[in-house]
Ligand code: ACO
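Read the single chain below, which is given as structure tokens and is the form predicted alone.
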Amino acid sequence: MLRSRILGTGFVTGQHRVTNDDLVRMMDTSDQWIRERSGVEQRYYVEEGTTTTDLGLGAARKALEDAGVKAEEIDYIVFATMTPDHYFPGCGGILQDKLGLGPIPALDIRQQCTGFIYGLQVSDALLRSGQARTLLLVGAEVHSGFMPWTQWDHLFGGEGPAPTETEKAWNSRFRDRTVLFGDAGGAAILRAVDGDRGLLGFKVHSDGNGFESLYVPSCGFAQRPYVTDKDFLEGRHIPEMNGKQVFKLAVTRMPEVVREVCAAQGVPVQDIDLLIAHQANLRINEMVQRALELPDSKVFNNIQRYGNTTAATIPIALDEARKSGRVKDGDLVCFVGLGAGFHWGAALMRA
């Protein structure tokens, strides 16, 4: 039986490490407030000019090295992001050029926080159908473009001006979202090989009802023009979130879909050796863990160090889990996530 196997993984972060205490310089918040609500302790932001495809490139090079695969062996790219370099074109073709590859197919997908799970399903279909032989799957984000402040040098500990009290009050309007996110990219190299190890199955869902609970209200073609000065003056280019509704959906849908994918493969949930959930909020993941009755030894979390990096969270966590010995040959690994759209899903893999 052909199975799509992950041969190597890698990730990179933005250049600037930003702690919760650093964010206190920009808005009315505190380390305790952020940790209690999200579990995040720090995150990374890029230097101005570093793009999503730059992070994807760095992650891809590390994944190629880890897999022992040459870049010219890649014959298909799948790129998952909600923060592309440009409104169009997508990031896949730009990454293809930065890697110095020939005119291979490059597919962009937009499933936000479940982007990597959907990307795994698409990659698996391409590989097992023979449409691709060696595939590069990337999840990368530059969320710092959403941030409402302009005093970046001050945030990074430089001598630039601090925000005024008025500016700090403006920044604080968005603190429930801005404290969560970081910039990073993760990548995996996949091939279809004979055997019983690799990707086993998927369950994915979408439901657009209530999408306004997590979305960007401007910068889209539901309005004309698609972006205006008023949008920026009112902060409509920054994501809006109904935190309670998103939390409720996540702690309900994520355990459900894990049970679905396990049932489809005929394995008990308790046979999972490691659960790698999307890293949106540590409190969500703790509730999912309790619902599934999994011990701490079977759950991997790293949101404390990176924040929510959307499509990059799962490949980053997988890379760290593999290289720290938390994923061993033969282990049953489950990926799960929920994101804006709303999209949610789970995948099972025999390492």
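Start at 1 and count along the sequence shown; that's the residue number. Please read all numbers here as calculations on a predicted model, not as lab measurements.
Heads up, the form predicted in complex with the ligand isn't pictured, but that's what we're talking about next.
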Of L199, M82, A106, I189, the one that lies within 4.5 Å of the ligand in the predicted complex (heavy atoms)
M82
The ligand: the contacting residue among D231, D176, D273, D75 in the predicted complex [heavy atom, 4.5 Å]:
D176
Is C113 one of the residues lying within 4.5 Å of the ligand in the predicted complex, judged by heavy atom distances?
yes
Touches the ligand in the predicted complex: M241 (any heavy atom, 4.5 Å)
yes
Within 4.5 Å, heavy atoms only: does G339 come near the ligand in the predicted complex?
yes
Check T310 for me: does it contact the ligand in the predicted complex (non-hydrogen atoms, 4.5 angstroms)?
yes
Segment assignment from 265-273, 178-186, 220-228, 93-101: heavy atom within 4.5 Å of the ligand in the predicted complex:
178-186
If we check the ligand in the predicted complex, which of the residues in 265-291 reach within 4.5 angstroms of it by a non-hydrogen atom?
H278, A280, N281, I284
